[in-house]
Each structure stands twice: as structure tokens, then as C-alpha cells.
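Before any questions on binding or motion, here is one chain by itself as C-alpha cells, the form predicted alone.
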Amino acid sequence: MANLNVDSVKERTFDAIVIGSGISGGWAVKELTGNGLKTLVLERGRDVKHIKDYPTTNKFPWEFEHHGQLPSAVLEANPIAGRCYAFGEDSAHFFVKDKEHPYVQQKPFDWIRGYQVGGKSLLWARQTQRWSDFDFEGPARDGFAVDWPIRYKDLAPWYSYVEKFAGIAGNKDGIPELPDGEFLPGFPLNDVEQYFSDHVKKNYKNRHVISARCAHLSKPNQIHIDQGRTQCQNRDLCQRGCPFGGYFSSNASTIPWAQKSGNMTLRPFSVVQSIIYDEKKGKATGVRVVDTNTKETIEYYARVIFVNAAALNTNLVLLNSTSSRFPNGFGNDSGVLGKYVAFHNYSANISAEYDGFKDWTVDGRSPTSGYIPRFRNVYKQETDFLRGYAGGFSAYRYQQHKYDGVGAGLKEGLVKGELSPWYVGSHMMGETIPKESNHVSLDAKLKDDWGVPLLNMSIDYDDNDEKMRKDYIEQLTEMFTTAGFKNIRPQTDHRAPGLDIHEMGGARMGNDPKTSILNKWNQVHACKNVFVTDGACMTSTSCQNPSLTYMAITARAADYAVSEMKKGEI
């Protein structure tokens, strides 16, 4: 229970509280503390200090007990996390373990989480594509979801703002559906990737293959050096945590920057149970947390609260914050809280081989690869499905070694490798349509170790996803065929939703309080001193990666919140 000692209450009172320390939470605390607000950051997991807490970052392959592979017992104990591409012996310590944090699946959904300071910013794929008006106007034009209350022009200056600080590598490609940004030099495509790019440009109108924009310091500016970061070393060991700060993470960038302001208080091991609403004041006054170690319930107070717990956990916190004013969840006058959850469709890929460029190979590593921006239903509705998809694209070859024989013959086969053919591949990144039937709720019976109801999920694909998947396979097969690629192998897998790790929605933005939770400034319509700026706020999903948009939306909302506080409106 709350300690009513006056001094204790004073010690637990701040100007602002930020729930969550991942990509969006890190930006919220950076902006709020930078504007002089004493800010408490609540993180349910442990602390992870930049460099100090990256235990595997400099290990050689032979220094891992299982040579990078996880024992079958670990994989069997973590069937959900084990399906994530980055879950390995070098990075498993940054993933939530399935048994420790259960949830209810009415339909299969792979919920990948990272409970620690920095959250999944230590694990993300660092792809940073701006959204365009084709995305923000999509719902209004195509008739799905509700209209976004903002357009690209509202977010464009904030994209520039966060790109300069985070450091985004890319090229000025001049593609309207993928706006250019404030880029550091882009990473080059290799010869076969460039060959395919040239082929697509020559033979397809409005289709492109570009170097994927990514949050890596290809050539640091002074602002990055001031953060203590330096140039990306192209190690491709990012999931271990980067001691160089070569890629953007909360741990390397926004959190230590906020710490330097002297205005940040970080409290790890704090599971947020609910937001406290004062009905007499008509606003939120604080947050109720459970200490994960002591199980003690503690209340913290502030004038403004930013909810950045990551999309689905943000839904959980809001749904669990009930009161006489909000009996069905915080700010849920519309009844849409927890509904219209969406994700990305990554369930198809295609691979092939190429006989050309036999005299060339790759040298070193790259933190990114090729990217095929959306080309379907951009300027007109041309298919039998809504919206579109982007695609990754990469080409590589490697040294093949012979493992047969004995003695000198075996040794020679192991030492003298031969280059493989060029292999090429693409994976689908499709936009899914937010639907009321895709929803999350609180389980009526089951609770976690801290007394918080488990999240109950009912999320699935639909016919639009299937039609989009079929079209991706057809179009990429044709593009690969005309490029002269051989042994083309399209594949669709039966993965559950969630492995894209791009869950969005549930507390969507909108102009109408009757159909949305948040207004154009990410304020809860019914409670102006609570902001939601992580994936939960997204009205639709685009097919571009969402993290850069979370950053820009958060910086914009924090600037607005500070302005309103100075005017006494909050």
C-alpha cells in the first residue's frame, strides 16, 4: 500500500513518468529531461548499462560453450522465443523466457519480448524507413481502419530531428512512397544486389531495389561522438549489444543522454500495474508499480505520464487501469481499447541462384542489405487486396569446404574451400489490415507473479493477407526469372503472427473520440495528461518498419506535452 508519509510522497513525486525504456520510452525521457523535467523512468526488467552489460559482445565463436547454438533443452523450454531469428547462445540473455512471462493465446501468436533497460532496442533489426502520405492517407483512401489524425507533413520535421540524433545510413533515392531523410552515407549494395537493382529499374515502372536505410553510424557526426558512440564496425554482432554504439539503441544513445541532464531517475525491476486516476481532479496523478524483487506495491506521482511499455503491454496497462470514470480501461470511452491490433505479414520468402559475377565475391560484412519499397496499390488500386508489401533482398556466396575423406585428404578439403554459387533471396514484409476481431483483453482468471492479469490474445491472418502473400510470390518469381536467376524456390511458411515483432494498435490515434483512444498529439482523448507513443498508438501499419515512426511521434508528442505544461494546460 502507499506510504502516506509526506516526505515519502515528495520523494516519489516527479514532473513526468515514462513507462518503459525501449525505443520510444528512451526518446520520451530524452526529450522530457532535456526540457528540464524531473522524470522517472519505470522499467519492469533489470538494468543494462551500455558496454558494461554486454557479456558476449567480444567473444570469439570458439569461446561459446555450444559454439553459438542453444541446447535443445533451452529451445524446448522456450518454444516462442526460440522461433525468433536472433535468439541464440550469444543473445538469449536479452530475451524474455516463455515460462517466466506467460500469456493466453486464443489463436497462436508469437510474442517476442525483451524485459530490460533498453527493451528490444538491443535486439531490433535497425531498419529505419520513413512512412509517406501513401501510408497516412491509406485508411481514408482505401476505407479500412479510421483516418489518421496526422499526415506526413506533421511528422516530417520530427523524422529529420530523430534521424540526425540517432544516425541513419541511407541514400537519397527520390522515391515518393519512401521519403528521403537526413542520412549518413548509405552502405553499398554488392555486385549481384546492384545488378538486380539495375535490372528492376530498367524493366519495371515504379519498382526499385535500394540499399536499406538503417540506424548505423556509417560516418558519425559530432552529435554521435558527443553521445560516446563511434563508427559501425560492420561486425554483424548487433544482437549482443554494440560496445561501439555503432547502431542506435536506447542504451547507447537516449538513456545515457537523459542521464547526463541530471533530470532522470531510472527505476528497473518495476512492473507497472495501473495508472492512477483522480476523479476530483479529472486527470491522472501517478502510476502504481510492483517491485519485482520485493513484491511491494508503490505509487509514484507526476503531472504528465508517457506510456511506452511496447504495444501489447501498453494495452495491458491501460486495460488494467480501471476506475469509476473508466470501468472498461483507461480512456476507453469508445470501447475500442485493445481492438484493431495489427502486425506485419512476413510469412513468405523466395530464394534462387545466379550464375553471373563468378569472378567476384563479398568482402567483409554489412549491417544492412537491399530493400524493395512497396510497389502495389500505391498510385491506384490494382489488385484484389488492400494495401501492399515491401521486400528485403540480399545476395551472397561463401566458401564451401569438403568434409569427406580422412587424414591429409580431409585436412586439404577443410583448408581449401571453393566459392559457392551466388545465392539470392527476398522476404516479404506485408501490411496487415487492422480489424476489430483482432484484439487483446485481460484474462478473467489468470494472473502473473505480480498480480497483474495475463494478456489474452486473439489475433490472426485473413483473406487479404493470403491474397497479398500470393501476389508477392507471383511478382517476385517474375522479377527473379526476368533477371536470369535460376532454381527459384518460393516458400510460404505457416508461422503464427508475431514473429515480425511489429505488433501495433489497440490504442489507436484518430480524430473522433468515439472511434479512437488518442488524439493527433497522442494524448488520451479523455485524459489530457496521459500520452501513448509506442506501437499501441498506430492507426494502421504501413509496410515500412515502424520504429523510426515511433521515435518521431514520441519526440513530437513530448514537445507538445512540455509546451502544454508551460501554458498550464496539463
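It should be emphasised that the depicted structure is a prediction, and the values quoted were computed from it without experimental measurement. Residue numbers run from 1 along the displayed sequence.
There is another form of this protein, the form predicted in complex with a small molecule, and it is not shown here; the text below is about that form.
Shown without its partner, this chain lists N190, S321, S270, N438 as candidates; in the model of the complex, only S270 has a non-hydrogen atom within 4.5 angstroms of the small molecule.
Residue-level contacts in the model of the complex: of A390, M468, A212, A309, one residue has a heavy atom within 4.5 Å of the small molecule, and it is A309. In the model of the complex, none of the heavy atoms of I553 sits within 4.5 Å of a heavy atom of the small molecule. Interface residue remark: G286 is not counted as part of the site for the small molecule in the model of the complex, having no heavy atom within 4.5 Å.
By the criterion of a heavy atom within 4.5 Å, R126 is counted among the residues contacting the small molecule in the model of the complex. Using a 4.5 angstroms limit between non-hydrogen atoms, H224 is distant from the small molecule in the model of the complex. Taken together, the three residues D135, P434 and S516 all stay farther than 4.5 Å from the small molecule in the model of the complex, as judged by their closest heavy atom. The stretch in contact with the small molecule in the model of the complex, judged by heavy atoms within 4.5 Å, is 40-48, chosen from 40-48, 64-72, 508-516, 521-529.
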